[in-house]
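Only one chain is shown below, in structure tokens, and it's the form predicted alone.
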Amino acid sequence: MSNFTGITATMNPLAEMAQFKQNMREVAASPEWRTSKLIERQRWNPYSMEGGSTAAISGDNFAIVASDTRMTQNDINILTRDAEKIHVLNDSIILSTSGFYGDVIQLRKVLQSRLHKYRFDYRADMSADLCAELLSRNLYYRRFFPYYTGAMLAGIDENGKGAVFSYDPIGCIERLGYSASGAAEPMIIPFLDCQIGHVTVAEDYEKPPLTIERAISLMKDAFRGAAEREISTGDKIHLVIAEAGKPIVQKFLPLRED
């Protein structure tokens, strides 16, 4: 009688139990639900960020708005060194924008058309307070497909005081003494907090008054410091000064170009 030799599995119960315990420890240490999985897809994006920075300061009878003039793509490709980011809408209203330049142009055209209609209907220019509300409503109207702009409105209000209005993309409005928007906002705001808001100084520190000359000097320092540390801010400073009872003045100051 011949012996039957079938398929026999070699099993080592101790080794299998050790492997099972090792697998359980790995799962407990890093469960699948805790690990992040990055799924890459090719998607069309209607927006692009062209860089640049803007800032605004208001005083007792003045408002100052400044921006750089550089427009970039992907931070390193300079599209133009003379981009217009500050728009004078009338003798007392200044609009500053940063972000997607297509939306910047569209938003400016919308406001200009509304101001033109207001001038035609009432035979007078719209005040900064009314225009601030108008801009907020237009941004909220586009809340489901918002303008990709960091809009700020500045000027002289109905009482002859300087005013700065800051917005988020869907129209939430806040009147501030100073504000900033764009790529260098995280650097400009702390500087203005220290120099104008005095939130980082001691209580016994003598706070100097905010004159128009000091505000212009602070704006220059803010953008020169930002241009040293932020790659999409540079070329020139576009400075626009609105003062009660005086025409709006525009200046261009040199900034680093590399």
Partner chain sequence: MWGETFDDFESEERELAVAKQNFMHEPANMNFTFPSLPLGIQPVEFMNSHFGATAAKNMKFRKGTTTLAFVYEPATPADKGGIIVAVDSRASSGEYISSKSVMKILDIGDRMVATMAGGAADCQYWTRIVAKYCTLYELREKTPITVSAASKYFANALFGYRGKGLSVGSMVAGYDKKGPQIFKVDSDGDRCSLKVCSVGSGSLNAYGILDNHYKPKMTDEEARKLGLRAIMHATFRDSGSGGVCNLCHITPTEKIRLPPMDVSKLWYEFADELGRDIVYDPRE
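Numbering follows the first chain given and starts at 1. Here the structure is a predicted model, which is why all the values come from computation and not from measurement.
The next section is about a form of this same protein that is not shown, the form predicted in complex with the partner chain.
- Proximity of A124 to the partner chain in the model of the complex falls outside the 4.5 Å heavy atom cutoff.
- In the model of the complex, no heavy atom of I212 sits within 4.5 Å of the partner chain.
- The closest heavy atom approach of Y148 to the partner chain in the model of the complex falls within 4.5 Å.
- Contact between I94 and the partner chain in the model of the complex is not found at the 4.5 Å heavy atom cutoff.
- Contacts of stretch 61-79 with the partner chain in the model of the complex, defined by any heavy atom lying within 4.5 Å, are made by none of its residues.
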